[in-house]
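Shown here is one chain on its own, the form predicted alone, set out as structure tokens.
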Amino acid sequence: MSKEGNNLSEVDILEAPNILEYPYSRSTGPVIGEFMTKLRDGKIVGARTKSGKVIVPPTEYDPFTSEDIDGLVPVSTSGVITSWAWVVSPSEKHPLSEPFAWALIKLDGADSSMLHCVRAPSSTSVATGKRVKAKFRSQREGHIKDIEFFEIEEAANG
């Protein structure tokens, strides 16, 4: 329909932004709660499945069989990079302000990899198979951010 046919004169259309949010709180439960508690203590645990596999971060059930887990077990704070991507220009929401790598890290004692950031001097120092170690924050509160980042073990020792 044309403007002439709708009897409306030309006027500015007013707009009002509407932000719809659904804030909520979620309890962590016994498995994630214990994982977060151990992070606060500077340790990492994984979920042992009935088949003996260890999943990090832990889940409440085996993702392949849907069976309950057999419990939580400690794993190392060191491991190897299984895959990674370099972030050249971090945004305000990234965990580090300088360039870094997002990496899948298979911790010693785990059968799965967890995603976290790796602080490294350059992209050439990051590689699949490189060993990394968790660097925990000095002030921890029971959150995944208690691991500030992982660092290449050569850099941690040298």
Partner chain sequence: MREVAVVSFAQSKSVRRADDQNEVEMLMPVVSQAIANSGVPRKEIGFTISGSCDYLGGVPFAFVSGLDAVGAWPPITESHVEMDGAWALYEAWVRLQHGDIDSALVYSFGKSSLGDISQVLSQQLDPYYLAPLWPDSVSLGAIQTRSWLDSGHSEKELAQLVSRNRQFASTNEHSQITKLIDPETYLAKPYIIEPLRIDDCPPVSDGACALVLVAGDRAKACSTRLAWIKGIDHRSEPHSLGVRDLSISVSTKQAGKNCGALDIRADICELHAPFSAQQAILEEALGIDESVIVNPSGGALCANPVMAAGLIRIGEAASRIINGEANCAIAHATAGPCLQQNLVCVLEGGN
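Think of the rigid core as the biggest set of C-alphas that the two forms share within 1.5 Å after superposition. Values in this document were obtained by computation on a predicted structure and should not be read as measured data. Positions refer to the first chain, counted from 1.
The same protein also exists as the form predicted together with the partner chain; that form is not shown, yet it is the one meant from here on.
The closest heavy atom approach of residue 80 to the partner chain in the model of the complex falls outside 4.5 Å. In the model of the complex, at least one heavy atom of residue 63 sits within 4.5 Å of the partner chain.
In the model of the complex, the partner chain sits beyond 4.5 Å of every heavy atom of residue 109. Not displayed here, the partner chain is approached by residue 55 to within 4.5 Å at the level of heavy atoms in the model of the complex. In summary, among the residues 128, 51, 97, 37, the only one with a non-hydrogen atom within 4.5 Å of the partner chain in the model of the complex is 128. Residues 82, 83, 84, 85, 86, 87, 88 of 72-90 are found to place at least one heavy atom within 4.5 Å of the partner chain in the model of the complex. Once both forms are fitted on their rigid core, the CA atom of residue 18 lies 2 Å or more apart between this form and the one not shown.
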